[in-house]
Ligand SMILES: C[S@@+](CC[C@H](N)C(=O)[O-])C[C@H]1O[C@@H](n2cnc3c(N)ncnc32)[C@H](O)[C@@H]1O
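Just the one chain here, laid out as structure tokens, in the form predicted alone.
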Amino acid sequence: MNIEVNPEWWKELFDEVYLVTDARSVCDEDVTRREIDLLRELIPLSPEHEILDLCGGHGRHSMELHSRGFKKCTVLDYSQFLIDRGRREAGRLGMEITFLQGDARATGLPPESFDHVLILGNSLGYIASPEGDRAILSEAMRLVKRGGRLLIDIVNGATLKSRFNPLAWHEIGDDIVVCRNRSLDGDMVYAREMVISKKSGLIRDNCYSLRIYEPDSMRRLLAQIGFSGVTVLGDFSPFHKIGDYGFMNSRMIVTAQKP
């Protein structure tokens, strides 16, 4: 099946429907806690540290960090919908978290503003050109302080290729069905996602793509940008139940330091 993708699909997909279709990953507090548990083991965090949650969506990781005493968190994401939702939720919980709408390739934030930059939840590989990811990681390098850490949580491309599943579907409650048809071409995955209501019919029919990285290719990219001490933790999954979680299965956790 030929899947044609709008190269700027990522500018529109992350809305209220996304929070339904991906709720198992991005709206599950237990999943978020397990992700932050691992993050705490891999990089040294102190309460006074400034943390940038880059491509941070509705700020679920920053809210979990805030609840653990790390209160200097900034969330930046392109989706105005997710930023607004996160800001409302943080306000409801009495959390002072900064939420900014912006492009991760050029945030406009001052250089060396943060002790750590986090790119979590498989938030690289959306931009059609590989230069898009290079620009995001270069911006992370610009924003992190000397000696500061970058942590990336993305799908392990090697594992995805070895276990590639072209067809998957799951039900949400009694009404919603999410069907995904995927194709693999080199380091690119293309997907068509149909979201269907049993009661009212088609809700969404959209296509998107993801550039995937294997451990060695991510090490090379970060070294080219200037990061040092790159380490990769293999196949991490925060899910306790067996299932196809799209690109959120079998992730690799990458850490690096600005010299």
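Just count from 1 along the sequence shown to find any residue number. No experiment lies behind these values; they were computed from the predicted model shown.
Below: the form predicted in complex with the named molecule, not depicted.
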is_contact(Ile36, the named molecule) in the predicted bound form, heavy atom dist at most 4.5 Å: no
Interface membership of Ala140, the named molecule in the predicted bound form, 4.5 Å heavy atom rule: no
In the predicted bound form, Tyr126 touching the named molecule (heavy atom, 4.5 Å): yes
Any non-hydrogen atom of Tyr78 within 4.5 angstroms of the named molecule in the predicted bound form: yes
Candidate stretches 109-117, 157-165, 70-78, 183-191, one within 4.5 Å of the named molecule in the predicted bound form by heavy atom: 70-78
The single option of Ile51, Ile212, Met218, Cys55 touching the named molecule in the predicted bound form, heavy atom within 4.5 Å: Cys55
Contacting member of Val195, Val230, Val26, Leu45, with respect to the named molecule in the predicted bound form [4.5 Å, heavy atom]: Val26
Contacts with the named molecule in the predicted bound form, stretch 5-42 (heavy atom within 4.5 Å): Trp10, Phe14, Tyr18, Val26
